[in-house]
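This document opens with one chain alone, in structure tokens, the form predicted on its own.
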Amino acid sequence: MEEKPVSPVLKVLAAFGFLFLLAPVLIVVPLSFSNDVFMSFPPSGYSLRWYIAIGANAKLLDAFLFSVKLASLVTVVNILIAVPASYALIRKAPFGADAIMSLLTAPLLLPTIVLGLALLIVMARAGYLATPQGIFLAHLVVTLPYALRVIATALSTLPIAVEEAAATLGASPLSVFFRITLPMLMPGIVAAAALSFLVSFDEVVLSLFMNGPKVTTLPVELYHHVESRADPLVAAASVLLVVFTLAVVIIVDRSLGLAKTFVK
């Protein structure tokens, strides 16, 4: 079947769309190299002073390390929960599987500020407010639905006939899962892990509700910095975060390929 040629008008609209999405980056990158004390565009001079300032800012570095550790732990727990849960709901299809999946993914339907207020009340009563455990549970609540949805979708597209063939040849259920299902499901697991990590790392609203004076994530620390100062340090941090996100995407692309991982 021959593909229809893309309309020139559609190409122009797509180009404008990409330009609109990239416009903030085109402004933030020059600002990050500004030599000015305050944000002004275009900068009067260029230097690396604000990148050096980030390296000398102990609060930002501590918040970055905490955010990486938190997002990594949330990602691991998400995968450990989402894989067996998705397998049970998709392959075993128990009574009320759709209702259970809807319940597990319900946090996606709630406004983040409402979810944050609800978690604030619950964590305060449980004694987990402004603690690493409380922030971890809050991030797990908001990221687990993404992992469940991605892995469940990937699992539903896998050919069940291969698993049935392995079972008829004498393979045990565990052998079928670990030697047949899990390798075929790996692109979906990688996609879910990357999405969970990035969502947890960038989460701001829930972190604002759950953070305390001794426990702060990087987005919240940047938010507090902007409240008191208007220097280009935030622009430099934003560029580094964009590079960090691109690094995650490149790792996924080099390991499995973006098309294989995110497109079914």
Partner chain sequence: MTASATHAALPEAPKLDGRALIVMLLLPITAVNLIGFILPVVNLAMISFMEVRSTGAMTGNWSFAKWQLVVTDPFYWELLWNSVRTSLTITLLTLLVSYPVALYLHRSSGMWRSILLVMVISPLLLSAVVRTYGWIAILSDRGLINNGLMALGFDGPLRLMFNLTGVVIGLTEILMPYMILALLAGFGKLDSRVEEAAATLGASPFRVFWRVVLPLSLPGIALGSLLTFVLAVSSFITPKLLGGGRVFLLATEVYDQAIVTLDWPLAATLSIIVLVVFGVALTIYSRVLKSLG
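Numbering follows the first chain given and starts at 1. As the structure is a computational prediction, the values presented were derived from the model and not from experiment. Rigid core here is just the name for the largest C-alpha set that superposes within 1.5 Å across the two forms.
The form predicted in complex with the partner chain exists for this protein as well; it is not shown, and the discussion that follows is about that form.
A single residue from the set 66, 46, 223, 51 has any heavy atom within 4.5 angstroms of the partner chain in the predicted bound form; that residue is 223. Judged against the partner chain in the predicted bound form with a 4.5 angstroms heavy atom cut-off, the residues 71, 155 and 215 are out of contact without exception. Not displayed here, the partner chain is approached by residue 25 to within 4.5 Å at the level of heavy atoms in the predicted bound form. Using a 4.5 Å cutoff between non-hydrogen atoms, residue 11 counts as a contact of the partner chain in the predicted bound form. Although the partner is absent here, residue 35 lies well away from the partner chain in the predicted bound form, with no heavy atom inside 4.5 Å. Contact check for residue 127: no non-hydrogen atom falls within 4.5 Å of the partner chain in the predicted bound form.
Contacts of stretch 146 to 172 with the partner chain in the predicted bound form, defined by any heavy atom lying within 4.5 Å, are made by 148, 170, 172, listed in sequence order. If you fit the rigid core between this form and the one not shown, you'll see the Cα of residue 243 move by less than 2 angstroms.
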